[in-house]
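Given next, in structure tokens, is a single chain: the form predicted on its own.
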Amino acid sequence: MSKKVIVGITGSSATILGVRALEELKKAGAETHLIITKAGKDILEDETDYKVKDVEKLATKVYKIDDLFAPISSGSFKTDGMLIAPCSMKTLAGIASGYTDNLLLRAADVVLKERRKLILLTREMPLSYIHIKNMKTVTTAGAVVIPPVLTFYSKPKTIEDMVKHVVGKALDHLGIDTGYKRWN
């Protein structure tokens, strides 16, 4: 049985994390439901060679950020969880406060209230007290916060190796094994 995963890409650096996650989910045969914020679209095209339309083709279904009537805005739409990669501090703050003024925030809120997996690849440094407090709040509510921290035990040779490791770690939490190098 294939997994059903919501993927959010927000307006933070490292949009490649969301792209690689979509590629890995597609390889795994997962059904994906994609939301990209406006800033996420802008940064994607600024930081990578990808066009938004090409990234959207990786998903099973794509939603507009303001479509609060989308199926993923309801707890009755069953999913295996949600990955937000990257997750901006603005998005983190919205999730932490329950502020659901767009579909991405609403979908994350639904995932939490239904006690499903919410994985946040938060991107910012250094962290302020407010960021840390928001991370504590979402973690207490059931989310898993995975800052894309570099690891060296996997002996990465390229940035792509590091991206693959972070994405593998995140998808592992959703029960999807991408074959990333584990600690021995």
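From 1 onward, residues are counted along the sequence shown. These numbers were taken from a predicted model, which means no experiment stands behind them.
Form predicted in complex with a small molecule: not shown, discussed below.
**Student:** Quick one: of I43, A143, I146, A59, which gets a non-hydrogen atom within 4.5 angstroms of the small molecule in the model of the complex?
**Tutor:** Selected option: I43.
**Student:** Quick one: of V110, M89, A96, L103, which gets a non-hydrogen atom within 4.5 angstroms of the small molecule in the model of the complex?
**Tutor:** Among V110, M89, A96, L103, a heavy atom within 4.5 Å of the small molecule in the model of the complex occurs only for M89.
**Student:** Among 123-131, 51-59, 25-33, 155-163, which stretch has residues whose heavy atoms lie within 4.5 Å of the small molecule in the model of the complex?
**Tutor:** Selected stretch: 123-131.
**Student:** Answer with yes or no whether G11 is in contact with the small molecule in the model of the complex, where contact means some heavy atom within 4.5 Å.
**Tutor:** Result yes; G11 sits at the interface with the small molecule in the model of the complex.
**Student:** Using a 4.5 angstroms cut-off on non-hydrogen atoms, would L68 count as touching the small molecule in the model of the complex?
**Tutor:** Heavy-atom contact with the small molecule at 4.5 Å: absent for L68.
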